[in-house]
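Just the one chain here, the form predicted on its own, laid out as structure tokens.
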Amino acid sequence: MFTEFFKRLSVWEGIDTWIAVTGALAAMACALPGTWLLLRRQSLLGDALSHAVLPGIVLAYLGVSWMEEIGWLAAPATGSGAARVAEGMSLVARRQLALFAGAALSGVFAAVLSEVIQRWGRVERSAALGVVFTSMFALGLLLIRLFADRAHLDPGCVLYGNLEATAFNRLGDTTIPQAVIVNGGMLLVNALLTLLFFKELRLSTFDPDLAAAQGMRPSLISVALMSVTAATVVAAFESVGAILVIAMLIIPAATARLLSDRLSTILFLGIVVAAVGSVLGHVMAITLPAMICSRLGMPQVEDASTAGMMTVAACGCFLLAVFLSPRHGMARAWYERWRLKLRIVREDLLGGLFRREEAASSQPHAANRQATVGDPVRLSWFQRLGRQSLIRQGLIDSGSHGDSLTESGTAAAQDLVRSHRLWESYMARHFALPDARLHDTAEKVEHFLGPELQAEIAAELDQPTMDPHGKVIPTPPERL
């Protein structure tokens, strides 16, 4: 399988490099505003924005196409190579400016319309937004269906993009795709704005009231962020489409948030995840579909949509972060729970051995009540694991007559039993509970009382020496 993978990957050409670079630049440009939206808990606003601006983008695209048809925006056929490149860059800039203007007007109209519906219709804000954004998205799709043939606008490309085609749409006589210039320029603008207004963005994101008190205008910053997000959506529109741009806005930022709690690190990791997911996605698009489908009896399938596979790769990075994040990952949570459970089992075994030896010294006939503590056969597999851990650490000795505490094991067990009996004394002092409830509560709390809490409880109870059941409360280690 690995041989086949590298064999298919060996056909990588220059056009594949441009496809991967274009996708990476689009994803990285989206990752920066997407991170701020995520931290503001407004990730779905990016979704709504990408839907609401679709009619404006389509109308602007139709207008630009009509002006190109009549020759108003046509590039001259004569002139030097440098002149044609300059004219090509000018055409790209004008097209993107027109698309951005259409998207901005569409977004403003959606915001005003949702506000009107909320006030006059007396509906909840999220419901008004849902009505407006879905309606405008449907209007954009209708416009595509009505005028797609006139402007050579493919509905599939509008929704899902066409990275492979954009790589062939080059700038003048150069080999550089126009989408690289557009998305690279958008990435540069987003990075520059983040650096210049980092303080304002950070303060308005985490404490808008403090930002307002310091003379900032959080609402204006929010509008500016929405405008930059709209511009980024427009820049990535031709490459990855109106739907997949949502994934690029959210997934890298969410992945970075799982990997770090530091703002600067989150911004950096979001860009890295976006780039890695894009390159890995194109690699998967030209290798995995053929490898998988050939084994399923579909040899005609050779590749898949690069934009779609980039989203799949980004989702894979997110799932890895969900499981393997050093602080928030499921694997870390499972490991911590397993450690806690093992610690409790170990302490229960130590406490049981201490009570057995205590009972044997005072009442020999009562020692048999704790016989299972020294009998490995009667322990569960997890208890046996805890017992072996105690033996390795030298806390208990295993002999022919069962397990027994070592000197260090006795000290650890005394600390646990002291916590148990102090808590029973505390509960008996403050609450009218039966003896069984006192013991059950102490069985849980004893594992979480450290030396400081033990000292506070003992001081409040005037340094008790006996618990409510008449058993001796062990002396703390420092008094031994």
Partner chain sequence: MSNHLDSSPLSIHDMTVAYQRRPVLWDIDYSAPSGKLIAIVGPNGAGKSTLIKAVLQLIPAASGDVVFFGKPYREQAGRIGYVPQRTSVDWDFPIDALGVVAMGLYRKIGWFRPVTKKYRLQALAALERVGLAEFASRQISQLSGGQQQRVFLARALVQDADLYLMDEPFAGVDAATERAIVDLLRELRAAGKTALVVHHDLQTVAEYFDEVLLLNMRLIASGPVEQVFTTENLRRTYGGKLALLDQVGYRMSHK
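What you see is a predicted model, and the numbers here were worked out from it, not measured in a lab. Residue numbers count along the first chain shown, from 1. If you superpose the two forms and keep the largest set of C-alpha atoms that fall within 1.5 Å, you have the rigid core.
A second form of this protein, the form predicted in complex with its partner chain, is not displayed here; the remarks below concern that form.
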With its partner chain left out here, work out from 199-207, 270-278, 390-398, 99-107 which stretch has heavy atoms within 4.5 Å of it in the model of the complex. 199-207
Check residue 295 for me: does it contact its partner chain in the model of the complex (non-hydrogen atoms, 4.5 angstroms)? no
Although the partner isn't part of this model, could you tell me whether residue 355 comes within 4.5 Å of its partner chain in the model of the complex, counting any heavy atom of the residue? no
Residue 261 versus its partner chain, in the model of the complex: is there a non-hydrogen atom within 4.5 Å? yes
For residue 216, is any heavy atom within 4.5 Å of its partner chain in the model of the complex, or not? yes
Should the three residues 337, 378 and 442 be counted as contacting its partner chain in the model of the complex, with contact defined as a heavy atom within 4.5 Å for each? no
Looking at 324, 342, 223, 212 here, can you tell me which has any non-hydrogen atom within 4.5 angstroms of its partner chain in the model of the complex? 212
Only hit among 39, 64, 48, 427 for heavy atom within 4.5 Å of its partner chain in the model of the complex is 39
Restricting to 115-138, the residues within 4.5 Å of its partner chain in the model of the complex through any heavy atom are 119
Rigid core fitted, then: does residue 276 show a CA shift of 2 angstroms or greater between the shown form and the other one? no
Aligned on the rigid core, do the two forms place the Cα of residue 116 2 Å or more apart, comparing between the shown form and the other one? yes
